[in-house]
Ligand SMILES: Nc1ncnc2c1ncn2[C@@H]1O[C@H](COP(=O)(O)OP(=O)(O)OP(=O)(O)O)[C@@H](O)[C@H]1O
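The form predicted alone is given below as one chain in C-alpha coordinates.
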(Lines give C-alpha, C1' and ligand atoms only; values in the text may rest on other atoms or scores of the structure.)
Protein backbone atom coordinates (compact mmCIF):
# COMPACT_ATOMS: atom_id res chain seq x y z
CA UNK A 1 0.00 0.00 0.00
CA UNK A 2 1.19 3.51 -0.85
CA UNK A 3 0.20 6.14 1.68
CA UNK A 4 0.57 9.91 1.33
CA UNK A 5 0.93 11.69 4.67
CA UNK A 6 -0.02 15.33 4.28
CA UNK A 7 -1.14 18.44 6.13
CA UNK A 8 -0.09 21.97 6.89
CA UNK A 9 3.41 22.80 8.08
CA UNK A 10 3.99 21.86 11.70
CA UNK A 11 0.98 19.56 11.93
CA UNK A 12 3.14 16.52 12.66
CA UNK A 13 3.39 14.84 9.24
CA UNK A 14 6.96 13.68 9.77
CA UNK A 15 6.26 12.63 13.34
CA UNK A 16 3.31 10.44 12.40
CA UNK A 17 5.18 9.08 9.37
CA UNK A 18 8.11 7.99 11.57
CA UNK A 19 5.93 6.49 14.29
CA UNK A 20 3.68 4.66 11.82
CA UNK A 21 6.64 3.31 9.82
CA UNK A 22 8.27 1.90 12.93
CA UNK A 23 5.00 0.36 14.09
CA UNK A 24 4.36 -1.31 10.73
CA UNK A 25 7.89 -2.73 10.82
CA UNK A 26 7.32 -4.13 14.31
CA UNK A 27 4.28 -5.89 12.86
CA UNK A 28 6.49 -7.65 10.33
CA UNK A 29 5.87 -5.40 7.34
CA UNK A 30 8.50 -4.16 4.89
CA UNK A 31 8.43 -0.37 4.97
CA UNK A 32 9.87 2.32 2.70
CA UNK A 33 9.59 5.93 3.86
CA UNK A 34 9.90 8.55 1.13
CA UNK A 35 10.90 12.02 2.30
CA UNK A 36 9.40 14.25 -0.39
CA UNK A 37 9.51 17.50 1.58
CA UNK A 38 12.34 19.45 -0.04
CA UNK A 39 12.56 21.98 2.79
CA UNK A 40 12.30 19.79 5.91
CA UNK A 41 15.45 18.15 7.25
CA UNK A 42 13.97 16.55 10.38
CA UNK A 43 12.50 13.24 9.24
CA UNK A 44 15.81 11.36 9.08
CA UNK A 45 16.56 12.35 12.68
CA UNK A 46 13.14 11.09 13.77
CA UNK A 47 13.88 7.81 11.98
CA UNK A 48 17.28 7.56 13.70
CA UNK A 49 19.34 7.56 10.48
CA UNK A 50 21.49 9.91 8.42
CA UNK A 51 19.81 11.66 5.50
CA UNK A 52 20.61 9.62 2.35
CA UNK A 53 21.70 11.12 -0.96
CA UNK A 54 19.06 12.95 -2.96
CA UNK A 55 17.34 10.46 -5.27
CA UNK A 56 17.59 13.13 -7.97
CA UNK A 57 21.35 12.54 -8.01
CA UNK A 58 20.73 9.04 -9.37
CA UNK A 59 19.54 10.71 -12.58
CA UNK A 60 22.56 12.99 -12.85
CA UNK A 61 21.44 15.66 -10.43
CA UNK A 62 18.74 18.29 -10.50
CA UNK A 63 20.32 20.39 -13.27
CA UNK A 64 20.77 17.47 -15.68
CA UNK A 65 17.32 16.06 -14.93
CA UNK A 66 15.81 19.48 -15.55
CA UNK A 67 17.57 19.72 -18.92
CA UNK A 68 16.29 16.26 -19.87
CA UNK A 69 12.77 17.41 -19.06
CA UNK A 70 13.10 20.63 -21.05
CA UNK A 71 14.58 18.89 -24.11
CA UNK A 72 11.64 16.50 -24.15
CA UNK A 73 9.08 19.29 -23.73
CA UNK A 74 8.53 17.98 -20.21
CA UNK A 75 7.57 14.47 -21.33
CA UNK A 76 10.84 12.79 -20.29
CA UNK A 77 10.35 9.39 -18.67
CA UNK A 78 12.85 8.69 -15.90
CA UNK A 79 11.40 5.20 -15.39
CA UNK A 80 10.67 2.71 -18.14
CA UNK A 81 10.02 -0.36 -16.00
CA UNK A 82 8.47 -1.09 -12.63
CA UNK A 83 10.62 -0.79 -9.51
CA UNK A 84 10.55 -2.69 -6.22
CA UNK A 85 12.00 -1.87 -2.81
CA UNK A 86 15.14 -3.82 -3.67
CA UNK A 87 15.68 -1.74 -6.83
CA UNK A 88 16.38 1.44 -4.87
CA UNK A 89 20.18 1.80 -5.33
CA UNK A 90 22.55 1.47 -2.41
CA UNK A 91 23.55 4.88 -1.10
CA UNK A 92 20.15 6.35 -1.91
CA UNK A 93 18.50 4.98 1.18
CA UNK A 94 19.26 4.63 4.86
CA UNK A 95 17.94 1.69 6.87
CA UNK A 96 17.25 0.95 10.51
CA UNK A 97 15.12 -1.68 12.22
CA UNK A 98 13.66 -2.88 8.93
CA UNK A 99 12.61 0.56 7.68
CA UNK A 100 14.22 2.16 4.64
CA UNK A 101 14.30 5.93 4.18
CA UNK A 102 14.92 7.64 0.85
CA UNK A 103 14.85 11.34 0.03
CA UNK A 104 13.46 12.75 -3.19
CA UNK A 105 15.77 15.76 -2.85
CA UNK A 106 16.34 18.96 -0.92
CA UNK A 107 16.84 22.63 -1.69
CA UNK A 108 20.52 23.03 -0.82
CA UNK A 109 21.53 26.46 -2.11
CA UNK A 110 19.98 29.86 -2.70
CA UNK A 111 18.68 30.60 -6.22
CA UNK A 112 18.88 26.97 -7.35
CA UNK A 113 15.32 27.11 -8.69
CA UNK A 114 12.06 25.44 -7.79
CA UNK A 115 11.54 21.83 -6.76
CA UNK A 116 9.49 20.87 -9.82
CA UNK A 117 12.14 18.51 -11.17
CA UNK A 118 12.45 16.78 -7.81
CA UNK A 119 8.68 16.44 -7.70
CA UNK A 120 8.49 15.06 -11.24
CA UNK A 121 11.01 12.31 -10.53
CA UNK A 122 9.39 11.18 -7.29
CA UNK A 123 5.92 11.26 -8.88
CA UNK A 124 7.13 8.92 -11.63
CA UNK A 125 8.87 6.74 -9.06
CA UNK A 126 5.66 6.25 -7.07
CA UNK A 127 3.73 5.46 -10.23
CA UNK A 128 6.28 2.76 -11.17
CA UNK A 129 6.70 1.34 -7.67
CA UNK A 130 5.30 -2.19 -7.49
CA UNK A 131 4.50 -3.44 -3.97
CA UNK A 132 3.63 -6.83 -2.56
CA UNK A 133 0.86 -7.25 0.00
CA UNK A 134 3.45 -7.16 2.80
CA UNK A 135 5.06 -3.89 1.68
CA UNK A 136 4.13 -0.33 2.63
CA UNK A 137 5.43 2.94 1.22
CA UNK A 138 4.82 6.06 3.32
CA UNK A 139 5.41 9.39 1.60
CA UNK A 140 5.95 12.40 3.84
CA UNK A 141 4.59 15.19 1.65
CA UNK A 142 5.64 18.83 1.60
CA UNK A 143 3.42 21.16 3.61
CA UNK A 144 0.17 22.28 2.02
CA UNK A 145 -1.44 21.04 -1.17
CA UNK A 146 1.08 21.62 -3.97
CA UNK A 147 1.65 17.86 -4.24
CA UNK A 148 -1.92 17.53 -5.53
CA UNK A 149 -1.10 20.06 -8.26
CA UNK A 150 2.01 18.09 -9.19
CA UNK A 151 0.01 14.88 -9.46
CA UNK A 152 2.09 13.06 -6.85
CA UNK A 153 -1.01 11.75 -5.08
CA UNK A 154 -2.33 10.10 -8.25
CA UNK A 155 -0.17 7.05 -7.58
CA UNK A 156 -1.19 6.65 -3.94
CA UNK A 157 -3.68 4.20 -2.42
CA UNK A 158 -4.54 6.29 0.65
CA UNK A 159 -4.23 9.94 1.63
CA UNK A 160 -3.72 10.45 5.34
CA UNK A 161 -4.11 14.06 6.50
CA UNK A 162 -2.62 15.05 9.84
CA UNK A 163 -4.73 17.70 11.57
CA UNK A 164 -3.27 19.75 14.42
CA UNK A 165 -5.18 22.05 16.80
CA UNK A 166 -5.16 25.20 14.68
CA UNK A 167 -7.72 27.02 12.58
CA UNK A 168 -5.50 26.74 9.50
CA UNK A 169 -5.27 22.98 9.78
CA UNK A 170 -8.99 22.48 10.37
CA UNK A 171 -9.83 24.75 7.42
CA UNK A 172 -7.37 22.90 5.17
CA UNK A 173 -9.05 19.57 5.91
CA UNK A 174 -11.97 20.43 3.63
CA UNK A 175 -9.72 21.32 0.70
CA UNK A 176 -7.67 18.15 1.03
CA UNK A 177 -10.84 16.06 1.15
CA UNK A 178 -12.07 17.84 -1.99
CA UNK A 179 -8.79 17.29 -3.85
CA UNK A 180 -8.58 13.65 -2.81
CA UNK A 181 -12.14 13.00 -3.96
CA UNK A 182 -11.35 14.69 -7.28
CA UNK A 183 -8.69 12.06 -8.08
CA UNK A 184 -10.67 9.17 -6.62
CA UNK A 185 -8.44 8.52 -3.62
CA UNK A 186 -9.71 7.76 -0.10
CA UNK A 187 -8.86 10.50 2.40
CA UNK A 188 -8.69 9.76 6.11
CA UNK A 189 -7.85 12.08 8.97
CA UNK A 190 -5.62 11.78 12.03
CA UNK A 191 -6.14 14.30 14.81
CA UNK A 192 -2.74 15.11 16.32
CA UNK A 193 -1.67 16.85 19.56
CA UNK A 194 -5.05 16.13 21.11
CA UNK A 195 -5.79 16.95 24.76
CA UNK A 196 -8.89 17.27 26.93
CA UNK A 197 -9.27 20.96 26.15
CA UNK A 198 -9.09 20.79 22.35
CA UNK A 199 -10.58 17.36 21.55
CA UNK A 200 -14.17 18.47 20.95
CA UNK A 201 -13.11 21.64 19.14
CA UNK A 202 -11.00 19.58 16.75
CA UNK A 203 -13.73 17.00 16.19
CA UNK A 204 -16.28 19.70 15.47
CA UNK A 205 -13.90 21.84 13.43
CA UNK A 206 -12.64 19.24 10.98
CA UNK A 207 -14.47 19.27 7.66
CA UNK A 208 -17.90 17.77 7.20
CA UNK A 209 -17.81 14.11 6.08
CA UNK A 210 -14.29 13.73 7.45
CA UNK A 211 -13.43 10.17 8.48
CA UNK A 212 -11.24 10.50 11.55
CA UNK A 213 -9.52 7.15 12.09
CA UNK A 214 -7.07 8.04 14.83
CA UNK A 215 -6.39 10.52 17.63
CA UNK A 216 -2.79 11.06 18.74
CA UNK A 217 -2.54 12.57 22.21
CA UNK A 218 -0.26 15.49 22.95
CA UNK A 219 2.97 13.99 24.29
CA UNK A 220 5.87 15.60 26.16
CA UNK A 221 8.42 13.06 24.87
CA UNK A 222 7.46 13.72 21.25
CA UNK A 223 7.65 17.46 21.81
CA UNK A 224 11.06 17.19 23.42
CA UNK A 225 12.43 14.78 20.82
CA UNK A 226 11.29 17.09 18.04
CA UNK A 227 13.00 20.05 19.67
CA UNK A 228 16.28 18.17 20.09
CA UNK A 229 16.21 16.23 16.81
CA UNK A 230 16.11 12.86 18.55
CA UNK A 231 14.83 9.55 17.23
CA UNK A 232 11.18 8.77 17.93
CA UNK A 233 11.59 5.38 19.55
CA UNK A 234 8.44 5.21 21.68
CA UNK A 235 5.48 2.94 21.05
CA UNK A 236 1.96 4.38 21.23
CA UNK A 237 -1.26 2.43 21.43
CA UNK A 238 -3.04 4.89 19.15
CA UNK A 239 -0.40 4.50 16.44
CA UNK A 240 -0.56 0.72 16.84
CA UNK A 241 -4.30 0.85 16.30
CA UNK A 242 -3.80 3.04 13.24
CA UNK A 243 -1.29 0.55 11.80
CA UNK A 244 -3.66 -2.34 12.44
CA UNK A 245 -6.47 -0.54 10.68
CA UNK A 246 -4.29 0.21 7.68
CA UNK A 247 -3.08 -3.39 7.50
CA UNK A 248 -6.66 -4.62 7.60
CA UNK A 249 -7.38 -2.17 4.76
CA UNK A 250 -10.37 -0.85 6.69
CA UNK A 251 -8.87 2.63 6.38
CA UNK A 252 -9.48 2.60 2.62
CA UNK A 253 -13.05 1.34 2.69
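Positions refer to the first chain, counted from 1. As the structure is a computational prediction, the values presented were derived from the model and not from experiment.
The same protein also exists as the form predicted in complex with the named molecule; that form is not shown, yet it is the one meant from here on.
**Asked** Within 4.5 Å of the named molecule in the model of the complex, do 193, 218 and 223 each have at least one heavy atom?
**Response** Result yes, every residue of the spot touches the named molecule.
**Message:** Check residue 198 for me: does it contact the named molecule in the model of the complex (non-hydrogen atoms, 4.5 angstroms)?
**Reply:** Contact check for residue 198: no, nothing within 4.5 Å of the named molecule in the model of the complex.
**Prompt:** residue 46 near the named molecule in the model of the complex, any heavy atom under 4.5 Å?
**Reply:** Residue-level check for residue 46: yes, a contact with the named molecule.
**Message:** Please determine whether residue 13 contacts the named molecule in the model of the complex, using a 4.5 Å cut-off between heavy atoms.
**Reply:** Output for residue 13 is yes: heavy atoms within 4.5 Å of the named molecule.
**Request:** Please check if residue 38 has a heavy atom lying within 4.5 Å of any heavy atom of the named molecule in the model of the complex.
**Result:** Residue-level check for residue 38: no, no contact with the named molecule.
**Asked** Out of 143, 131, 88, 94, which one falls within 4.5 Å of the named molecule in the model of the complex, going by heavy atoms?
**Response** None of the others qualify; the residue that does is 143.
**Prompt:** If contact means any heavy atom within 4.5 Å, which of 200-208, 38-46, 56-64, 22-30 contacts the named molecule in the model of the complex?
**Reply:** Contact criterion met by 38-46 only.
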